[in-house]
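Before any questions on how it binds or moves, here is one chain, the form predicted on its own, in C-alpha cells.
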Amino acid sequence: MTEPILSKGKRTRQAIEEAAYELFLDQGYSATSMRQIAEQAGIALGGIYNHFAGKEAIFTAVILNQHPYKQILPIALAVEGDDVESFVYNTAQALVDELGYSPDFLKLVFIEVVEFGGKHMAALFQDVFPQILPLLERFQSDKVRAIPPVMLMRVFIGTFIAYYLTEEMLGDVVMPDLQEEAMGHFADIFLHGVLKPKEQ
C-alpha cells in the first residue's frame, strides 16, 4: 500500500512536529524555543505561525500524534485469550512489548505531567475512549464484578503504568530472579488484589 502524498502545508506541519518532538525530548518543553523549532524544521520562524498558534499548540499536536496508543490499540484489540485471566496477561504483555519500541514515550509523559499538570490528557482521553470500548467489553464475564467501563480502564492503565515504570527503572535491580514471573504477578494483582480470598 503506497503512502498518501502530503501537501506542502502538511509536510511543513509534520516537519515542525518532528523537530519539536526531538527538541522537547532532548531539552524539555520550557527550554525549547520557537526559534529552535523553526531552525530544526528548516523553516523561517514566522512560518511556524501559519500552522500553530504557539509552542503549546505544537506540544499538544506532538503528544496527540506521537502517543503510542495508535500502535498499541490495534495490537491490544487483536490479543487472544480463552478467559479473563489469560486475556489480561496477554494484553499487558503485548503493551509492554510494544512500548519497548517507544522508549521516548515516557519522557513525553513526564513533560506533560510535570510542565502541564496533565491538562492535555483530557483531549487524548476523548480521542481514545470510544476506540477502547471494544477492548473493555472483553473484560466482561460472569466472573467480573459490575464495574463502570471507564473506572475499569483507569484501574488497568494505572496499575499497568506503575508496573511498566518500575519495570523500566528497577526491573534488573529489584529481585531479578522474578523477572520471568513479573507479568504473571501483575495480572494476578490486577485481577485478584493482594488479600487472600476469604474462607467460605
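The first residue of the sequence shown is number 1, and the count goes up from there. Please read these numbers as outputs of a predicted model, since none were measured by experiment.
Heads up, the form predicted together with the DNA isn't pictured, but that's what we're talking about next.
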Worksheet item: Taking the shortest heavy atom distance, is T12 within 4.5 Å of the DNA in the predicted complex?
Response: yes
Worksheet item: Taking heavy atoms only, is R35 within 4.5 angstroms of the DNA in the predicted complex?
Response: yes
Worksheet entry | Touches the DNA in the predicted complex: K8 (any heavy atom, 4.5 Å) | yes
Worksheet entry | the DNA contact at R138 in the predicted complex, heavy atom, 4.5 Å | no
Practice prompt. State the residue from P148, P134, G47, G158 whose non-hydrogen atoms include one within 4.5 Å of the DNA in the predicted complex.
Written response: G47
Practice prompt. Choose from 161-169, 148-156, 35-43, 59-67 the stretch whose residues reach within 4.5 Å of the DNA in the predicted complex, heavy atoms counted.
Written response: 35-43
